[in-house]
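One chain is shown next in structure tokens, namely the form predicted alone.
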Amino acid sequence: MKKFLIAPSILSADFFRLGQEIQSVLDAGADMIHFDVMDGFYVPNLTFGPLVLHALRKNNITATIDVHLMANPSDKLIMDFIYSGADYITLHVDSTNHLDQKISLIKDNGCKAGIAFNPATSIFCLDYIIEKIDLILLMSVNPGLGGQKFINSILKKIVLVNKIIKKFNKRILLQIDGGINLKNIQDIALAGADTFVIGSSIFNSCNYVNIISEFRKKLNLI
């Protein structure tokens, strides 16, 4: 049976109680934490940086943390997140002119590398870098804001990327981010995704155990 991973996006968490919120979703059965980094340039919003991740690690958050850089990724920013305890660092393919170089920097420093595609971004570059990466993130909303509606045309993109991953016979997570809920998660999984970034649907619920359990039930039917 295919293993599905649930990755709550802390963009939708209560920032005042961030550490407690993260521990609560992990206790409720989340597999990893999705750490959305926005720099105010690549996307208009500004969120959190490496010091927040460092504080979480210092306070015994040991789960896998997947850092999603919605940012123009300088070498220093990448290294700061690696030193702060990131497990994965994911870059947007259109955020840098030196994507291969940045992926190598991540991998050479012991971290797993991912690449992200916005809804209208072509996947043409995959053939040239797929041997180096560990995760492919397909945005199913436009980046920068939580709570957006899932863009249904992304289902076709998931199918295409899943075929490419299978062709290369490489273990790569196929992650989807944006607008995932109980009504559409099965369709997303059937298209080929295995990792689900879920923000509002989890953090806006009154019971994290129940909502994550409901997502698991939907996935277990596949």
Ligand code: DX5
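Values in this document were obtained by computation on a predicted structure and should not be read as measured data. Numbers follow the displayed sequence, beginning with 1.
One more form of this protein, predicted in complex with D-xylitol-5-phosphate, exists but is not displayed; see below.
J.: Taking D-xylitol-5-phosphate as it sits in the predicted bound form, is residue 120 in contact with it (heavy atom to heavy atom, 4.5 Å or less)?
T.: No.
J.: Though only this chain appears here, would residue 148 touch D-xylitol-5-phosphate in the predicted bound form if you measure heavy atom gaps against 4.5 Å?
T.: Heavy-atom contact with D-xylitol-5-phosphate at 4.5 Å: present for residue 148.
J.: Is there a heavy atom of residue 24 lying 4.5 Å or less from a heavy atom of D-xylitol-5-phosphate in the predicted bound form?
T.: Residue-level check for residue 24: no, no contact with D-xylitol-5-phosphate.
J.: Can you work out whether residue 11 and D-xylitol-5-phosphate are in contact in the predicted bound form, taking contact to mean some heavy atom pair no more than 4.5 Å apart?
T.: Residue 11: contacts D-xylitol-5-phosphate in the predicted bound form.
J.: Just one of 25-33, 62-70, 166-174, 151-159 has heavy atoms within 4.5 Å of D-xylitol-5-phosphate in the predicted bound form; which?
T.: Single hit among the candidates: 62-70.
J.: Check each of 139, 106, 86, 133 and return the one that places a heavy atom within 4.5 angstroms of D-xylitol-5-phosphate in the predicted bound form.
T.: The option sitting close enough to the partner is 139.
J.: Between 193-217 and D-xylitol-5-phosphate in the predicted bound form, list the residues on our side with a heavy atom within 4.5 Å.
T.: Heavy-atom contacts to D-xylitol-5-phosphate in the predicted bound form: 197, 198, 199, 200.
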